[in-house]
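Just one chain is shown here, as structure tokens, and it is the form predicted alone.
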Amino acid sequence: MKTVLVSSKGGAKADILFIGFFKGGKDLQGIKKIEPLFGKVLEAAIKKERFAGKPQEVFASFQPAYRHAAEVVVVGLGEKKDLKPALLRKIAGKIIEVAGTRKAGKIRVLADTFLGDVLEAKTAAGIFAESAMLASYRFLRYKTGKKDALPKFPETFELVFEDKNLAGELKRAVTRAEKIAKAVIYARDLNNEPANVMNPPRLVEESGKLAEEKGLRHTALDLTELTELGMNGILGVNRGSVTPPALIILEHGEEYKENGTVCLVGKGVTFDTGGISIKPSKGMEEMKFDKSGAIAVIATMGLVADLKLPLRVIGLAPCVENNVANNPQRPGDIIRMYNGKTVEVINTDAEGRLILADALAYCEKYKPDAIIDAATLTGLAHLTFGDKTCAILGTDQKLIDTIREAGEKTGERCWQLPLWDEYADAIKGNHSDINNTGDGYAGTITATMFLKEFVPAKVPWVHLDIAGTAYIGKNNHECPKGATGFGVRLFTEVLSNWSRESFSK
């Protein structure tokens, strides 16, 4: 979908007109005023119990004589009190699904009919613009079939609001939503690329292009520099690969240091075999998504620059390939990390925490007010939450609450797990300071306890385990099977509303 328009009245005819309808609604005067012929058809359908207004229920009628479009589709919204952002996102996806099946080029949505009791017009406009673009996304770069067999989504999406006084506010909301959606799509594109294409050097290249386009400062620490710094967490994981590792660093807003500095850190394992502790073959193709955290950080940095946020933001993405081709790290190896602590590698498939650890410790260089990291860290987070929410843990409750609230607004939900000191016992080392895995229980928590050992002292820190939300195995209302771009909207919402009150320090 190329464009999103906000208009006080409809222009030339669209292919489909969409109208919202609440469950139990009886007053059809508004619809009859807009489309008199359709109003009578809908009235008859309701009497015959062909349509009731249940959430995402659809009733359609085709008649060339209709004013706005030859086809009118009414979408059920459920009870007025229940229409909240999460449901409106699903409804926006439903609208795109219906439009796609009809191969409609231009659709018109009477946005005022989708507001309910709690949604403001600007919120609804932003959700429609963002969710419609995301629902239209497909990764087709490697498809060679006939073009007419590929999905066709609307090129023009018109939002019609009656109140002309809202035009400026709504336009700003739509413009912002479009920028956010484009950043999420950028993240999906990078993440859906296979590992034979998107390896650490290619991520360095892509992040460099983004930095040049958006005006970000770009640094990529290479093999020599990582060795000189003693980043043996990153180096150890990458030992089994012939492809060199990198630590990508993107910087925005040096001039805004007085407003605060936030470090974002993302795990960038471009492919994870598990190393010597090799994974089962079934589903291993999904391990190209083990770079999701890094890509969320890279895409967010581009968006932060686009939105000109008055905040210093540093994005760090340690990038490796966990393979078994060269001289791989072994279970039982002991390595000294960037911050000087020693780690015994119990399991080479617990590699993400090793590369994150070095990057987290490196954040101290920037004297951040807070650190937030995102990683497809543990399969247990996926098993626990499925693809509905990510796990959130950290050292600062106020910052955790800030991020959770942002997740409710953006649809990228987070659910808190405890980080009690007692869990540290599970990773105490015998021949080293700590082990990289625990005893098999509470794996998401003990992995986070490991990361905590490398966070600079007294810096508020939150970890997001996005193992279940970074990609999906089947289509949903906003995303087809594959990478979701999870984290971009969440990070951006948090940073857009950042203040010293966002955390407890």
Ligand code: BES
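Everything quoted here is computed from the prediction, not taken from an experiment. One-based numbering along the sequence shown.
Omitted here: the form predicted together with the named molecule. The next part is about that form.
Proximity of Asp272, Asp349 and Thr437 to the named molecule in the model of the complex is complete: all three residues have a non-hydrogen atom within 4.5 angstroms. Screening Gly100, Pro331, Gly379, Gly208 for any heavy atom within 4.5 Å of the named molecule in the model of the complex leaves a single hit, Gly379. Shown without its partner, this chain lists Glu130, Asp290, Glu412, Asp373 as candidates; in the model of the complex, only Asp290 has a non-hydrogen atom within 4.5 angstroms of the named molecule. Residues within 4.5 angstroms of the named molecule in the model of the complex, judged by any non-hydrogen atom, belong to 264-272 and to none of the other stretches in 163-171, 264-272, 177-185, 413-421. Of the heavy atoms in Tyr471, some are within 4.5 Å of the named molecule in the model of the complex. None of the heavy atoms of Arg108 is located within 4.5 Å of the named molecule in the model of the complex. Residue contact with the named molecule in the model of the complex: His218 places no heavy atom within 4.5 Å of it. Proximity of Lys279 to the named molecule in the model of the complex falls within the 4.5 Å heavy atom cutoff.
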